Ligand SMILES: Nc1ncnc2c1ncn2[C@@H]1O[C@H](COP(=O)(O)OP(=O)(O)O)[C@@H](O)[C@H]1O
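Before any questions on how it binds or moves, here is one chain, the form predicted alone, in structure tokens.
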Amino acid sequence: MTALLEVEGLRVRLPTPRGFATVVDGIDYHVEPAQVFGVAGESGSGKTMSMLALLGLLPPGAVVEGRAAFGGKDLLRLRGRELRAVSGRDIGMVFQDPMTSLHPMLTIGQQLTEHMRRHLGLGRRAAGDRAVELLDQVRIPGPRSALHAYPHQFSGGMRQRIAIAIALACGPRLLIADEPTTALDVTVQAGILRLLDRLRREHDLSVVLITHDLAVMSSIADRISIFYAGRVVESGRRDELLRRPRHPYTRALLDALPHPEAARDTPLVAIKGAPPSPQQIPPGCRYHPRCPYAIEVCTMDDPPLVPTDGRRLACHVDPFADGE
């Protein structure tokens, strides 16, 4: 199957008072049509930055290298009007925090119709009708009256649904959802995930789902890439990767999840240490200071990401190769 989005060698460097810091370092992945592609990892692993780079939303002075093929174009080479023609129309994005991603001083109708009128050339009435359809699709009660309301009049879950409607307004082929369930309770999270899955099936929509929570991935993602310190350490199909993780970091993320059948006083399993800052990346494998399986070679040589039994893995030791 031909990939809708194909990213190769993506590298992002951001300016700091002490020089440039590499926050994404040689990322490769592809997203197929009507597929949910999951990107997981701790905060600071480069998940969001790798996606913002595709849409030209990085801070001033950022340096981006690599290739991102989408619709016969390299997104990383587009500028100005060319990039705006793709961003918001062919690619939609749901930003991380539903409590702050909507403009507090503009009505829901204004925020829904603005880019439809720009990208699709719709008049005020046609854009308003389309906005009502979108709000109905994402299950907002009273969609026509909701157009005249403001973000503060909705709950966090409803705001996230409105943000999804805005991202879908121009009929994109790819939706980037950055932590769409953050700060929402479990019941609301499940509703958002069901919504994304339904929209994917009804509209042949491809979705890039960014999250630190592998439990969220287990219910919706087709394929997953695990990011650590700006690199991919393991990637593969959801069932294989979550049922039989091979990288120690992937296993640690899964072990850190609370077990639904555990006793109330069962302590959570934390990953020791903390991810390195971009200015202090350790030599060798970036995970080795936190890895209980690290050996001497891990401290010196950075393992390449290589195909291994239907997945890609970057680990010198591969301690779970036998499924133990």
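Quick caveat: nothing in here was measured; it's all calculated off a predicted structure. Heads up: residue numbers just count along the shown sequence, starting at 1.
One more form of this protein should be noted, the form predicted in complex with the ligand, which is absent from this view; the next part is about it.
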Thinking of 172, 199 and 205 as the candidate spot, does the ligand come within 4.5 Å of a heavy atom on all of them in the predicted complex?
-> no
The stretch from 63-71, 292-300, 46-54, 29-37 that lies within 4.5 Å of the ligand in the predicted complex, judged by heavy atoms, is 46-54
Check whether residue 283 has any heavy atom within 4.5 Å of a heavy atom of the ligand in the predicted complex, and answer yes or no.
-> no
Contact between residue 59 and the ligand in the predicted complex at 4.5 Å, heavy atoms?
-> yes
Wondering, does residue 15 line up within 4.5 Å of the ligand in the predicted complex on heavy atoms?
-> yes
Is residue 23 close enough to the ligand in the predicted complex to count, meaning some heavy atom within 4.5 Å?
-> yes
In sequence order, which positions of 273-296 have a non-hydrogen atom within 4.5 Å of the ligand in the predicted complex?
-> 278
